[in-house]
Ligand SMILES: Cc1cc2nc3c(=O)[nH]c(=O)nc-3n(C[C@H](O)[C@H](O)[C@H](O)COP(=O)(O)O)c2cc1C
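Starting off, we have a lone chain in the form predicted alone, written out as structure tokens.
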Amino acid sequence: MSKITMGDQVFVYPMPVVLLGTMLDKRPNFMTVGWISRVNYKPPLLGVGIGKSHASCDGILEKGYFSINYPNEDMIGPTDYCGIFSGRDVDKSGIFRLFFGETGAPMVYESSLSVECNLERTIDLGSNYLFLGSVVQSYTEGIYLTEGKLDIRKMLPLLLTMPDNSYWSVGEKLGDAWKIGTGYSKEEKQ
């Protein structure tokens, strides 16, 4: 079997789907985002890539804070809606029950996990901004925990694949990271 070239527009599978919360024109606004990752350990930083044309960029740049909210499978409809319609054209403040933490960033009560961030740095990447946010605080509920840790099976997060633009759910656990490889030998062929 030979390798097939795919060009330069490739995407890492899968991406978590989050709702990015900002204040826009003195009202809460939410945008569906798939380009997000933890990018630093200490201090804990999240990186979010957003196209410059999105209204949420204005809110982040003006206020200097934002939230990251992890919707569950039951929230697929309103989550997708927030990615279709711009906060410049539609008031999204009444879609979810809201709460606010230390920064003033709006957060989604129904989310299994909400994280509020202060804007640390903005990197201009051409078509997008990469916003680096320092984690101020995170919020969840006991129903999403197992032995005091977030449990992905209980959170039921949405996942995104591109370029097919599809939502997915989490599958089976395959093994424990940083443990399963301890018994591997280079002589073994997988």
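Everything quoted here is computed from the prediction, not taken from an experiment. So that there is no doubt, residue numbering starts at 1 and follows the sequence shown.
The protein also exists as the form predicted together with the ligand; that form is not presented, and the subsequent description refers to it.
Between the options 139, 144, 65, 35, the residue in contact with the ligand in the model of the complex by a heavy atom within 4.5 angstroms is 35. Put simply, of 110, 91, 120, 80 only one has a heavy atom within 4.5 Å of the ligand in the model of the complex, and it is 80. Taking the partner from elsewhere, residue 101 is found to have every heavy atom lying beyond 4.5 Å of the ligand in the model of the complex. Proximity of residue 167 to the ligand in the model of the complex falls within the 4.5 Å heavy atom cutoff. Contact check for residue 155: no non-hydrogen atom falls within 4.5 Å of the ligand in the model of the complex. Taking the partner from elsewhere, residue 29 is found to have a heavy atom lying within 4.5 Å of the ligand in the model of the complex. Heavy atoms within 4.5 Å of the ligand in the model of the complex belong, among the stretches 66-74, 53-61, 37-45, 144-152, to residues of 53-61. Along 71-91, a non-hydrogen atom within 4.5 Å of the ligand in the model of the complex is carried by 80, 82, 83, 84, 85, 86, 87, in order along the sequence.
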